[in-house]
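In structure tokens, one chain follows: the form predicted on its own.
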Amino acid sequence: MAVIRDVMPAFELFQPATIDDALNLLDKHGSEAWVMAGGLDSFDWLKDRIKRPSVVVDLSQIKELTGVKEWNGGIEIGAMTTLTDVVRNPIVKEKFSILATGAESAASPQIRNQGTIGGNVSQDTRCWYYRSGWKCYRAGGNTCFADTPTAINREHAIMGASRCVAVNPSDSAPALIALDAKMVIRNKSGERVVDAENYFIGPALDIRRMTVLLPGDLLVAIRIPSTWAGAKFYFEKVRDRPVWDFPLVNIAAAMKVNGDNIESIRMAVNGVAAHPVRLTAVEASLVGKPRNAASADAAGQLAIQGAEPLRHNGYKVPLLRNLVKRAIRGVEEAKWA
């Protein structure tokens, strides 16, 4: 399929200075409006002419959407805060270092200087069939080209597939789920707050979207409560290249221990399904258990139950299992097998 690159379709550009101005524009133009944060994902879509919005709403001039501030003992991060600013923020590094680690693993320094936390969690899937303009289920067609006998599907889903086997590419998303973050969404009707684990949706719910955002909605902030501040954290991302690449699989875990036993834990993985997956069964199985090899082995086996690999991505099953084991044992014992 021929794709015209680098020549963007014509659109009307708006650069509102306030959240209210942005919401008025989104309400007026509805599904014809494209929301642009850092622009990195947006420019790919527009230059390839796969997305052809009549209106682009650029959020870069809205100062109230940027910055990290204290909130009820935790923090609130504006959706337009760059990944670099998240990584460098002293409160994030001191209390919620798993988010700094996850954000720093995304892309390259240059991209993190421009890319935003809101854009990172709201970006679309990177399935090359979909992004090259193939008329797949997600694009309104009636075929998943990544799930055919001749498909190239090394990076695709091993669980949660429903017609579409594309995966979510965010590195900050599993860290936010592990921290029990809250996503603050506004539209003309008001504000709603959604748990991070419920912000992302799979194809069984809506095959055309990756998040709960609807036309007219705007992610304005991310709130992280103090619940997991200073816990034992683990983040690891496995990718083909050390810089820039999206995750093959990544994992984030926040753990509280009492002596040698696990008191509580939250764990999420990405790159294995259309949305980040919180491993609730694994979490429940570990409460009160010793933090040792036996517990880690059992948790790793539990994590891969129900996995259904495709022709070329079977390696993700043992990879997921071993990442869960490593997250339980901790970074200081990451060489343990």
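Keep in mind it's a predicted model, so treat the numbers as computed, not measured. The numbering used is simple: start at 1 and walk along the sequence shown.
Just so it is clear, the following notes concern the form predicted together with a small molecule, a form of the same protein that is not shown.
Exercise. Is the gap between residue 115 and the small molecule in the model of the complex 4.5 Å or less for some heavy atom pair?
Worked result: Looking in the model of the complex, residue contacts with the small molecule include residue 115, since a heavy atom lies within 4.5 Å.
Exercise. Do residue 40 and the small molecule come within 4.5 Å of each other in the model of the complex, heavy atoms counted?
Worked result: Flag for residue 40 set to yes.
Exercise. Applying a 4.5 Å heavy atom distance criterion, does residue 138 contact the small molecule in the model of the complex?
Worked result: Heavy-atom contact with the small molecule at 4.5 Å: absent for residue 138.
Exercise. Closest heavy atom of residue 303 to the small molecule in the model of the complex, within 4.5 Å or not?
Worked result: No.
Exercise. Just one of 119-127, 251-259, 150-158, 84-92 has heavy atoms within 4.5 Å of the small molecule in the model of the complex; which?
Worked result: Looking at the partner contacts, the answer comes out as 119-127.
Exercise. 79, 171 and 213: each with a heavy atom within 4.5 Å of the small molecule in the model of the complex?
Worked result: All of them do, each having a heavy atom within 4.5 Å of the partner.
Problem set entry | in the model of the complex, the one of 296, 59, 273, 279 near the small molecule [non-hydrogen atom within 4.5 angstroms] | None of the other options qualify; the answer is 59.
Problem set entry | Interface residue in the model of the complex among 194, 111, 229, 201, criterion: non-hydrogen atom within 4.5 angstroms of the small molecule | Contact with the small molecule in the model of the complex is made by 111 alone.
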